[in-house]
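Quick setup: one chain, the form predicted on its own, written in C-alpha cells, and binding and motion questions come after.
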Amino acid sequence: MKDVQKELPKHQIPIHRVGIKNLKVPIYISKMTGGEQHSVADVDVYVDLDKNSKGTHMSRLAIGVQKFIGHQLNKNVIVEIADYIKNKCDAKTCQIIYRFPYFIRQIAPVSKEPNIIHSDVEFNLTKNDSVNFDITVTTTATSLCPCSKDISEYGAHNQRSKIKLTARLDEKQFVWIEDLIHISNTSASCKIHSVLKRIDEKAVTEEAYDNPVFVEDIVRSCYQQLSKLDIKDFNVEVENQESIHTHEAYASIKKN
C-alpha cells in the first residue's frame, strides 16, 4: 500500500515535535500505602520528523501507548513505550506525557467522615540519547492572609491555593505522589476536604486562622521540604485565587 507519509514534503524542513494529544487510556500505579490505584489518563505523544518525510505515522504513536496498557505505569514502562515508538517511527526523540487524577482518602478532623480528594498528576518523559523524566503534582489547599489577620479587628480573608510541585528524577531517584501532596498540604494554612460537617468547618476554619501564610511562605516551605528528598531538580509554583481581589497572587521557586 502506498505510504504517503514517506513522500517528500513540499517544504523540506525538519519538525521538532509532531504527534497526538489527549489519547484517553486506563492506567494503574502503585500506592505509597501498598496496592494499586486505577485511574484514567490523557496522553500526549510526540516525535521529531526529518525534513525528507511528509508526515509521521500517527497510528504508531497510539499503538505504542496501547500496547502497554496492561503494565503498571511508571518511569521504566514509559521508557519502554518511548523506545518502541522511536523505533517504529525512525525518530531520534520521543516525548510522552500522562495526565491523570490521583485520589487520596481523608478523614474529616472532628466528625471523622471519610472523604476523597484528588490531585492532578503529570508524568512527562523525553527519550533521545538520554532520559528526562518529570513528575508534577498539583494540589489545592487553603491559605489565610497574615496581613488581613493582623490589621483586622476580627476575621481574615483566605484563598484557594493551587500548589504545583515538579520534580525531575534521574534513573536512580524516586518520589511518591503522596509525599508531594503531603508537602503541599503542610505548607498551606490547612488542607481541603470534599466532606465537612459543621463541627469540621469550625475546626478547619480555626486551623487556617491559626496558621496564616503568604504565597511566598508556601513556596519557601515547599522548597525547604523538597530539599530533604533525594531529588535532582525541582520547581515550585503557587497561585492563590484571591477572595477579595480581582487578581491572583503568584510565586515560584526552583532548584537546579
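So that there is no doubt, residue numbering starts at 1 and follows the sequence shown. Quick caveat: nothing in here was measured; it's all calculated off a predicted structure.
The form predicted in complex with a further copy of the same chain is left out here; the points below concern that form.
Interface residue remark: Val204 is counted as part of the site for a further copy of the same chain in the predicted complex, having a heavy atom within 4.5 Å.
Proximity of Ser148 to a further copy of the same chain in the predicted complex falls within the 4.5 Å heavy atom cutoff. None of the heavy atoms of Asp170 is located within 4.5 Å of a further copy of the same chain in the predicted complex. Contact check for Lys112: no non-hydrogen atom falls within 4.5 Å of a further copy of the same chain in the predicted complex. With a further copy of the same chain left out of view, the stretch that reaches within 4.5 Å of it through heavy atoms in the predicted complex is, among 176-184, 151-159, 73-81, 123-131, 151-159.
Residues of 167-206 lying near a further copy of the same chain in the predicted complex, listed in sequence order, are Ile192, His193, Ser194, Val195, Leu196, Lys197, Arg198, Ile199, Glu201, Lys202, Val204, Thr205, Glu206, the criterion being any heavy atom within 4.5 Å.
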